[in-house]
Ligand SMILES: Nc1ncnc2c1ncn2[C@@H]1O[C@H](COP(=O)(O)OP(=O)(O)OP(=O)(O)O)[C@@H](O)[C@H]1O
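Listed next as structure tokens is one chain, alone, in the form predicted alone.
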């Protein structure tokens, strides 16, 4: 019975699933509108007309979600008994919120003592519902599991920026992920060519507003090629000057990762200090090379340095061989690449000059060009390693201990058995 929700929930919520069993029309509409709340980008919400009996039947054969919200017309002992029946069908750690007909302090205290997260009185407004859910998920699962993907070239001219664009288009369009793209190249940036924007921002300006947590000012420095993709429209920095220090750039990354499930950084043409800062903390590293001897030698050296950064391992590093077929007869065979780098290429991109040079010449992104979707598809398996489609329902158990509905109600139920 939370009349005043605590603050501290203005962050991107962790990946979760929520099932709501409601009959009240206004509350149902509020639940469906959660999709418009940026905090819920990773949260899958399912609204079904029903009550606790509907919920009990739903989980007889299927796994339960992270959070169940149930509307009830009755608040007596019989309802409490049905909660125990529900808990017997649910995974341990599932949280619960009850929506009832009356403001009843004693009922609220009884339900929360049993492990129910909150009790709300219908109809529930959208802002109240979203805040209560956000607080429950944060208490249950923590704040954020955003992913940082870094794309770096073994050397210049290997197509790092083109493949980065293919990656983010796949993430945003195919996987339906809210994605943020930026680079660390400053005035050397070419992101705007394929994504159709003129540079309007300096990276130094973006890091300054990030240091002040000025989200509104940061939004004015962004462009949106599609509904799920935001890009820092940088590139107006001086080409012959250092833009920002690594610590400042990381402050920008930290801010972005509170609002975006996926942050992708194109490290081509960036200075070594910025490369090192991003590579040392990225969850996924894509190292782009061509099948030529100079590029592969540089890739081997860079892999050794990345291994040192990661304390002797190469976690989450994928080797992307681009432009296969550029120089037939002069390229290093795939088997020799594996032997030299001690790593199987994760994907091999064929050389298609009409596609890549055509996209640059016409100022179009790869997916708009003939054959471009094939390149996007080749990059998608790498993205799926660290990114889940938010439309895929997660039925795995959560480790919420005694903080969820089943942490206490189920224990009482088992004790009585």
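Residue numbers count along the first chain shown, from 1. Here the structure is a predicted model, which means the values were calculated and not measured.
What comes next is about the form predicted together with the named molecule, which does not appear here.
- At the 4.5 Å threshold, heavy atoms of residue 381 stay clear of the named molecule in the predicted bound form, well away from it.
- Residue 159 belongs to the set of residues with a heavy atom inside 4.5 Å of the named molecule in the predicted bound form.
- The closest non-hydrogen atom of residue 306 lies beyond 4.5 Å of the named molecule in the predicted bound form.
- Although the partner is absent from this view, residue 322 contacts the named molecule in the predicted bound form, with a non-hydrogen atom inside 4.5 angstroms.
- Heavy atoms within 4.5 Å of the named molecule in the predicted bound form are found in one stretch of 63-71, 31-39, 346-354, 45-53, which is 346-354.
- Interface residue among 269, 88, 340, 215 relative to the named molecule in the predicted bound form, by the heavy atom within 4.5 Å criterion: 269.
- Of the candidates 190, 128, 173, 292, 190 is the one whose heavy atoms come within 4.5 Å of the named molecule in the predicted bound form; the others do not.
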